[in-house]
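Presented as structure tokens, the chain that follows is alone, the form predicted on its own.
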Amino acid sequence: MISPQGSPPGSSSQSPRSPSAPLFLSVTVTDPVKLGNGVQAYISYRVITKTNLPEYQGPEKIVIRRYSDFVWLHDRLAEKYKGIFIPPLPEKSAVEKFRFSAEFIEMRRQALDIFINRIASHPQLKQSEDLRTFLQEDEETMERARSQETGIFKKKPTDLMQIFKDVQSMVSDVVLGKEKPVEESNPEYEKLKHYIFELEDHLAEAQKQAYRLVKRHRELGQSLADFGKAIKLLGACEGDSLGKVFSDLGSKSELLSIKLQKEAHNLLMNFEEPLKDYVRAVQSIKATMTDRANAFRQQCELAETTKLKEINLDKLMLMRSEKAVEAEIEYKELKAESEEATRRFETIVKLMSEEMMRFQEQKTADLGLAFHEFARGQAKLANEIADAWRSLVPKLDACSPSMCS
């Protein structure tokens, strides 16, 4: 993953716009601020872009964006870049009491930063005009772009009704056995699909257990804090020697409580969240698989229809029918459309292959780092806990029945 705090490459003596300076695009999502009240409340973010790419307006641009702006960018890219794994967005919290908690806001900010930097580092996505709009335009322009309906929702009601009728007819044909769904029979692709579904299950289970680890650290931290307070009160009503030991024990418990709560937060941000992020990433891959299946189905249907048109055209030409000229025009148009559908499918297949290689490399790096940070954090916490309790042993040894008054 791109480090959100990474500095643009190049020496400080070079101008960012210098022809010899390496090209870079660095984006940071920062400064979340709550705006509005009640159900209208939302969080805004400052998005800071630093670049020397000539297609951008200048070396630095700061804009204000909200979550729905990120959704707009995601959906635009998903619509235009079939075959590419569009980086996933964090979920929108449906629980009101968590929506504006400091922890949730920071998790959301970090996830959005990762999202936008993945796009900015992707060889195809970083060239998107929609990305430049997102990173440079003012809030009013962004709001207008966001409000423009796209895709299926731009169609007229009559068009929508026809779409729903076509879908209903296709479903009925499948249910009645009149038509079987067209699917690829590619062993390598079947193997890939099996891997993706297995990966999703295992990542989800790992994320679930990571969540339990975070919860356990928090609960143990709270228990130590409560124990520390109780044992200090107990020490206050005991004699000098025993009371002092109990007070030290309580203080150590409270100190360890803070360390456990801190480690719980680190686990959440640097271990559970990366796992959750990759669960979402796999869902993006599955969305691309759906696009591939649709493209394959469309290619097959058009190829079949084109063949039927060709047979019909041959018959009309043999009969020297007047309809042959019109049928030939229809056939050529349909053939061109069929060839275009084949090209679209082949492009998706090629892009998916490249994307899987990129995904595997990134997954190895990201999860490797997450597990390394997890092990290092746990080792440090275990040593601190052991040192804290060990330091109390001599005091407890000294406070034996013969020593305590």
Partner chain sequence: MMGAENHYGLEPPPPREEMETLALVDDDHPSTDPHPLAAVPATLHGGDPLLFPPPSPHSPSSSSPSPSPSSSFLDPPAYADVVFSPFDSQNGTSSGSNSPRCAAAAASEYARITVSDPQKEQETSGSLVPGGGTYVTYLITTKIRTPASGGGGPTEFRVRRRFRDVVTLADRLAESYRGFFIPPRPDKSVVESQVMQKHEFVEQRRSAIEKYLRRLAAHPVIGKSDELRVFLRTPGKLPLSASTDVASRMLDGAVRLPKQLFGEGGGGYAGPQDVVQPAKGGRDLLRIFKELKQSVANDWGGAKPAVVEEDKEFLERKEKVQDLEQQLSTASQQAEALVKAQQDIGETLGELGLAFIKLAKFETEEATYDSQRIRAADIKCLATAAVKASRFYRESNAQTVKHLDTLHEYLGLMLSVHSAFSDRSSALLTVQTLLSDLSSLHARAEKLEAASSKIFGGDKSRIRKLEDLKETIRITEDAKSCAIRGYERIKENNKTELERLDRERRDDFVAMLRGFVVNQVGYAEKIANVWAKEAEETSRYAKESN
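Only a predicted model underlies this, so the values are computations on that prediction, with no experimental measurement involved. Positions refer to the first chain, counted from 1.
The following text describes the form predicted in complex with the partner chain, which does not appear among the structures shown.
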Does the trio A21, L25 and F104 actually contact the partner chain in the model of the complex, every residue with a heavy atom within 4.5 Å?
no
How about K92: is it within 4.5 Å of the partner chain in the model of the complex, going by heavy atoms?
no
Is it the case that R376, even though its partner is missing from this view, gets within 4.5 Å of the partner chain in the model of the complex, heavy atoms only?
yes
Spell out, yes or no, whether the shortest heavy atom distance between V33 and the partner chain in the model of the complex is within 4.5 Å.
no
The partner chain contact at S223 in the model of the complex, heavy atom, 4.5 Å:
yes
In the model of the complex, which of the listed residues (M269, L199, A287, A145) lies with a heavy atom within 4.5 Å of the partner chain?
L199
Among L369, V349, A41, I62, just one has a heavy atom within 4.5 Å of the partner chain in the model of the complex, namely L369
Heavy atoms within 4.5 Å of the partner chain in the model of the complex: which stretch among 239-247, 124-132, 292-300, 111-119?
239-247
If you apply a 4.5 angstroms heavy atom cut-off, which residues in 213-238 are near the partner chain in the model of the complex?
L213, R216, H217, E219, L220, S223, L224, D226, F227, A230, L233, L234, C237, E238
